[in-house]
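This document starts with one chain, in the form predicted alone, laid out as structure tokens.
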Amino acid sequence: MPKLDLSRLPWRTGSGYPGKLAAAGDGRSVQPLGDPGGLTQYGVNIVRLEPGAMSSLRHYHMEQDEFVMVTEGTCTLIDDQGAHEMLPGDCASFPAGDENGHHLVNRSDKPAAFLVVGTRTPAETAFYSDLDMMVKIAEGQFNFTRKDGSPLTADQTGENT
């Protein structure tokens, strides 16, 4: 596979979260690298965070490993042990099944970016540490529910607030 030309690869913005929770993706852009490179066994993305933006809602994966490395600016990793400042070259890993809810936040006044690499599995379940929410992913479809599998309510997604 030839060298990827990052200037030709598109960026995606937003999130797939339901209702007003989708605003958690404001200020976040993702540039897929694995798919354009033909990778099928794991995903690779660059995630760019504008000041004040977060990578996702705090979560953990049951079936998929996740690895991040800061490439630009300063990110703050927030996990179950607290807040950890990360600078370019700093890395963190999150093994599948480790119930350590995490996300990265840009608390600085400059853009930040990180590389994320994650396992691809036919199905996945992830839980959100700060919400009564889980997602099951199968065949490219995301199904958000409460952690017990019951439907989300409007007050959980912010639709009536």
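Quick caveat, the model's predicted, so the values are computed rather than measured. Note that residue numbering begins at 1 and tracks the sequence as displayed.
Only in words, not in the display: the form predicted in complex with a further copy of the same chain, which the text now covers.
Chemist: Among the candidate stretches 128-136, 51-59, 30-38, 105-113, which one is within 4.5 Å of a further copy of the same chain in the model of the complex when only heavy atoms are counted?
Modeler: Contact-bearing stretch, as computed: 30-38.
Chemist: Looking in the model of the complex, any heavy atom of Pro122 within 4.5 Å of a further copy of the same chain?
Modeler: Because no heavy atom of Pro122 falls inside 4.5 Å of a further copy of the same chain in the model of the complex, the answer is no.
Chemist: Should Arg8 be counted as a contact of a further copy of the same chain in the model of the complex, where contact means heavy atoms within 4.5 Å?
Modeler: No, Arg8 is distant from the partner.
Chemist: Thr74 versus a further copy of the same chain, in the model of the complex: is there a non-hydrogen atom within 4.5 Å?
Modeler: No, no contact at 4.5 Å.
Chemist: For a further copy of the same chain, considered in the model of the complex: do all three of Ala24, Phe144 and Ser150 come within 4.5 Å of it, counting heavy atoms only?
Modeler: Zero of three within 4.5 Å in the model of the complex.
Chemist: Determine the residues of 40-70 with a heavy atom within 4.5 Å of a further copy of the same chain in the model of the complex and present them in sequence order; the list may be empty.
Modeler: Read in sequence order, the residues that approach a further copy of the same chain (within 4.5 Å, in the model of the complex) are Thr40, Gln41, Tyr42, Val44, Ile46, Glu63, Gln64, Asp65, Glu66, Phe67, Met69.
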